[in-house]
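Alright, here's a single protein chain in two forms, structure 1 and structure 2, each given by itself as structure tokens.
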Structure 1
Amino acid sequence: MRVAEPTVERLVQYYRLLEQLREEGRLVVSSHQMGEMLGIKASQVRKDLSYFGEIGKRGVGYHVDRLYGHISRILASPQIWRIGLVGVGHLGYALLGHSAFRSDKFRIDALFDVDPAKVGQEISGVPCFHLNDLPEVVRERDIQVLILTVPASAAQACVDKAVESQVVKGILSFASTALVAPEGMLVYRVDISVELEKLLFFLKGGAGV
């Protein structure tokens, strides 16, 4: 089943919301309530969830635990993904300490940098290697995903190193530049400056909202 990217993004939002509701002891939630909390139309919530099987009851809503388990199985990884983080600067350090990066689906298994003060050290319990050694290290450690927190000028060279390894399947890049990768390698870009510009645009009413 091929699922559209926006649908997957909303599923992750539903999952996080349900996780919060479970912690609060909530037993039942409606599509309307979920939509209000997430800023999504209730009809879209119902459409997304019914796409993967009808598990709610009309007039009753969704059992929080049951829906949480259902979405958890949909999002479940077939394996624990090993991830390499390239660029241990301010952003790299921040990601290492972020709670979102403590997951049973993946773990950061290696760091890469060019700073002699960092190479050969353990940072937050993760070994740091020189960028030049990336192809060999990711092969040895079966790392199939990379996160790039490097300057835009260095990002493409990191992608080229990943291609050279022949084992990296996906890259999440925080660099504000377009990247060229071969067919079969997924590259997702997170450009914080673009997201900020979008926010400011809508805040000033530029879209007529």
Structure 2
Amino acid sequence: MRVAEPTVERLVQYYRLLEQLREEGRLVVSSHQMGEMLGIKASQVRKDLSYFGEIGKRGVGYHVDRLYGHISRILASPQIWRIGLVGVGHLGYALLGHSAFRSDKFRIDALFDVDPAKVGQEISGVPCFHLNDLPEVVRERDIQVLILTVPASAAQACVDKAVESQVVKGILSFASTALVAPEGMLVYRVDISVELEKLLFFLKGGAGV
């Protein structure tokens, strides 16, 4: 069964909430309570969870531990993903230390840059290679995922190198630009300036003039 992207997005949030509730020693939680805490409608919570079978108890709610384990398995990976981080500027450096990147689901295994001062060094314990060697290095190291924190002008060249490697399957790009990639390569974009523009657009109350 195909799970929709908005559902996956909310599953991650349910997961984080349940982690918290578990620590607090809470045993049971209702869809209404979860929704309240996350700003999501209770019916949406139930619909999302129902895709994966009857996991709650009618008249009672969801057993915190059980639901936590359940979502954990849904989100689980068959392997530990090895990730290459391309572009060790401020943003790349920030991600290296980001708490979201302390996970046993993946680890940043190689850095790539073009700056001679960085290439050949270890940064936060991760070796940095030259961008030109990317296809070779990702093959050797079994890296299937790239994170791009390079300037917009350099992003497409990085995608092209990833395609050339034939082993990279997915890319998370922070570059503020469109990217073209072949069918079968999954590209997600986090575009900070787009998010800010959207916020300001709706703050001013819609289309101007």
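If you're wondering where the values come from, they're calculated on a predicted model, not measured in any experiment. Quick note, the numbers are simply positions in structure 1, starting from 1. Basically, rigid core = biggest C-alpha set you can superpose within 1.5 Å across the two forms.
Of the two forms shown, structure 1 is the one predicted on its own. The Cα position of Val12 differs by less than 2 Å between structures 1 and 2 after fitting on the rigid core. The rigid-core alignment places the CA of Leu186 less than 2 Å apart between structures 1 and 2. Core superposition places the Cα of Lys198 3.0 Å apart between structures 1 and 2.
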